[in-house]
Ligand SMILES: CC(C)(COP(=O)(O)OP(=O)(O)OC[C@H]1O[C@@H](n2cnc3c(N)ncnc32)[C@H](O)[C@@H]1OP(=O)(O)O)[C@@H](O)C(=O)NCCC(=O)NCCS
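Given as structure tokens, the chain that follows is alone and in the form predicted alone.
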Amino acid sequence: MLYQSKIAGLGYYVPENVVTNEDLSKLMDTNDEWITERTGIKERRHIKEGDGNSTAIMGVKAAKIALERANIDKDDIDLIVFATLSPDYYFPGCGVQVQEMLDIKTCPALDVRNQCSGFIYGLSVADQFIKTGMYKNVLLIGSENHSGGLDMTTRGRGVSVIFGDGAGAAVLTRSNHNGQGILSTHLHSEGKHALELALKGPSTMHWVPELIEENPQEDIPYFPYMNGQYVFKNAVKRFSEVIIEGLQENGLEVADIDMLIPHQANLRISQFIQQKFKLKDEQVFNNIQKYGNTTAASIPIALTEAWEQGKIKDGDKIVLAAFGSGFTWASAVINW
């Protein structure tokens, strides 16, 4: 017997520390016009030293809200799935940290490393476990602490102005209503482009002291690298393909989309997709202007905000889509 899974509760958390484009202009050669024109971002949130936040802790804060809204006790969680590219430690993963912090009884905790596509990959994992009947309630979290690993100088501005910190969470459970819930998920990757958007070190191949010794200071490879134009070109192509794939799988048309929530990578990408599909402003939700790109956290943060603002209602057809490092891309179609 196959069950239907649905999202029963949503929550998000972002640090209180707001970093504006003007703030960044004091650290690097940039300005509000330059950043806004290229990314659409006006501000982002960064963890501040002493505020008690980390990737796992922000995930816990988002999870508590999602659990309360789902009206599901923490000890009824059968599986924890945690998506991030910025874990607190190399190991163990953030999933077990969340389990300990929430005092959840013994259950499996699984960490997903699919960067910007991480939340949808995690959603697919949770959906399949529920559909097969193996688990009933799954806690899914996407959380990122980017600010601690960015090059906050002119050298790194092409990447560093884009990213912010935050977390989003969803509680998935079995649906009692026929047709309500996650209709399908679609996952892809193309590894030949992996190094077009990557962080090569520090890693088990290149530790920090080794990098500092071997490389000139002006070319530090332990900050993120992004081939911006190449990523943009591939993103708009794959976004389109994976959205259409999800619609066709479920016999839907573009006109059937009540809300498209794209990964908040760049406002220009979202606008390109909106124009291509001729979607109205009320059919697409963007909040990158406020939070920047929070990678695995961006979709659950945006999904939660859209729901909180009453822009998602029962029976709506929701499409989630993401593209990012790997290259990986994914979509999900949901009957809310």
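It should be emphasised that the depicted structure is a prediction, and the values quoted were computed from it without experimental measurement. Start at 1 and count along the sequence shown; that's the residue number.
What comes next is about the form predicted in complex with the ligand, which does not appear here.
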property: Residue among Ile269, Leu279, Ile65, Ala306 with a heavy atom within 4.5 Å of the ligand in the predicted bound form; result: Ile269
property: Answer option from Leu140, Ile261, Ile162, Ile130, heavy atom within 4.5 Å of the ligand in the predicted bound form; result: Ile162
property: Interface segment, criterion being heavy atoms within 4.5 Å of the ligand in the predicted bound form, picked from 180 to 188, 90 to 98, 244 to 252, 228 to 236; result: 228 to 236
property: 4.5 angstroms heavy atom contact with the ligand in the predicted bound form for Glu49; result: no
property: Gly324: touches the ligand in the predicted bound form, heavy atom cutoff 4.5 angstroms; result: yes
property: Contact test in the predicted bound form: Arg157 vs the ligand, heavy atoms, 4.5 Å; result: yes
property: Contact test in the predicted bound form: Thr30 vs the ligand, heavy atoms, 4.5 Å; result: yes
property: Non-hydrogen atom within 4.5 Å of the ligand in the predicted bound form for each of Thr39, Leu197 and Ala265; result: yes
